[in-house]
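We begin with a single chain expressed as structure tokens, specifically the form predicted on its own.
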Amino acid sequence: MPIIQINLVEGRDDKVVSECVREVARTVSRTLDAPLASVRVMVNVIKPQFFAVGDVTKAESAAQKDKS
């Protein structure tokens, strides 16, 4: 049973994320020759203040861009 985890920073439309989940499941099923019903896809949505590149959070980065 393939299990796929996707980590995303909060902010994407739910419909877009749901479509991503479906497409990932279909792709994994097809490429691994696994029954679609056996594929598990989980999306972990992370608040921007809890995701950082280096020591700058996504929230801080967005705030800096807004000032520009």
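Owing to the predicted nature of the structure, the values given are computational and were not obtained by experimental measurement. Numbering starts at 1 and follows the sequence shown.
The form predicted together with another copy of the chain is left out here; the points below concern that form.
Participant: According to a 4.5 angstroms non-hydrogen atom cut-off, is residue 1 in contact with another copy of the chain in the predicted complex?
Facilitator: Yes, residue 1 is a contact residue.
Participant: Does any heavy atom of residue 7 come within 4.5 Å of a heavy atom of another copy of the chain in the predicted complex?
Facilitator: So residue 7 counts as contacting another copy of the chain.
Participant: Would you give me the residues of 31-68 that have any heavy atom within 4.5 Å of another copy of the chain in the predicted complex, in order from first to last?
Facilitator: Residues within 4.5 Å: 31, 32, 34, 36, 37, 39, 40, 41, 42, 43, 44, 45, 46, 47, 49, 50, 51, 52, 53, 54, 55, 57, 58, 60.
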